[in-house]
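So this first bit is one chain, no partners, the form predicted alone, shown in structure tokens.
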Amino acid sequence: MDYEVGNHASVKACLDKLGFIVQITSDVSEIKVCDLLIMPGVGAFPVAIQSLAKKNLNNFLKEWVLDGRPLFGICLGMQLFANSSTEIAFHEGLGFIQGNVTQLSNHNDFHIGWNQLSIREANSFLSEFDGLDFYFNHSFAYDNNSDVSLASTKYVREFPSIVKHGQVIGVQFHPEKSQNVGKEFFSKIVKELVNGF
């Protein structure tokens, strides 16, 4: 979904290589016929949440989730699923996955580079990615909330790196920039979301 905040081109390029049919659009009539909606995200939370509201896509997303349709968020896209964020100032989020987004530390730490996932459940569909490195680029993250976290990562503090509620999944890292392991993850998560868990 194009909401004017995000690295849509690199996500599309990755999914194209994996053989998926991908369209970048903000046209609701086109989105409605998709099997999966992906929200990439690069930038600041306030700009993103305001852009969604300006395009009235926030209300469309709420209907999408209420209908039980699959939604996948990457980095800032994931953070928008939270109840709120304190980036720049307090802002309400979409509230799809319980939790609040806060700064990694009080020292303006940026987490840029490769880091490991610690998958919470050994027998989950994600267990093959336990201990593997993915590419991160962020300074805010979900507060630790074990009820929604499928995986965590530690940098300055431990934070959820994969969150899930129903058919909504968010990842703090960038699978599209995580080379072969990212492609394997992306392929698996898209197939799982489209086919149901």
Partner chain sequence: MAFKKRLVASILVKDGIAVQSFGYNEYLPLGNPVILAENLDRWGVDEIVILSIDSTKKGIDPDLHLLSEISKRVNTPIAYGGGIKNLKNVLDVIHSGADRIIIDQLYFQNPSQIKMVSESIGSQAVILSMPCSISNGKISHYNYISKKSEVVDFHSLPFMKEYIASEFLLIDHLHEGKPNSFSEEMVKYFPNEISLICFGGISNSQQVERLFQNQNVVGVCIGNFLNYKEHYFQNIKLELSSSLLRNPVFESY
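Residue numbers count along the first chain shown, from 1. Predicted model only: the values in this text are computed from it and were never measured.
A second form of this protein, the form predicted in complex with the partner chain, is not displayed here; the remarks below concern that form.
- The putative spot formed by Trp64, Gly68 and Gln167 is not touched by the partner chain in the predicted complex; no residue has a non-hydrogen atom within 4.5 angstroms of it.
- Only one listed stretch (40-48, 158-166, 25-33, 55-63) carries heavy atoms within 4.5 Å of the partner chain in the predicted complex, and that stretch is 40-48.
- When contacts are judged by a 4.5 Å heavy atom cut-off, Ile189 does not count as touching the partner chain in the predicted complex.
- Although the partner is absent here, Phe110 is a contact residue: one of its heavy atoms lies within 4.5 angstroms of the partner chain in the predicted complex.
- A residue is said to contact a partner when one of its heavy atoms sits within 4.5 Å of a partner heavy atom; Ile21 fails this definition for the partner chain in the predicted complex, lying far away.
- Shown alone here, Asp133 lies within 4.5 Å of the partner chain in the predicted complex, counting heavy atoms only.
- With contact defined as any non-hydrogen atom lying within 4.5 angstroms of the partner chain in the predicted complex, the contacting residues in 152-182 are Tyr155, Glu176, Lys177, Ser178, Gln179, Asn180, given in sequence order.
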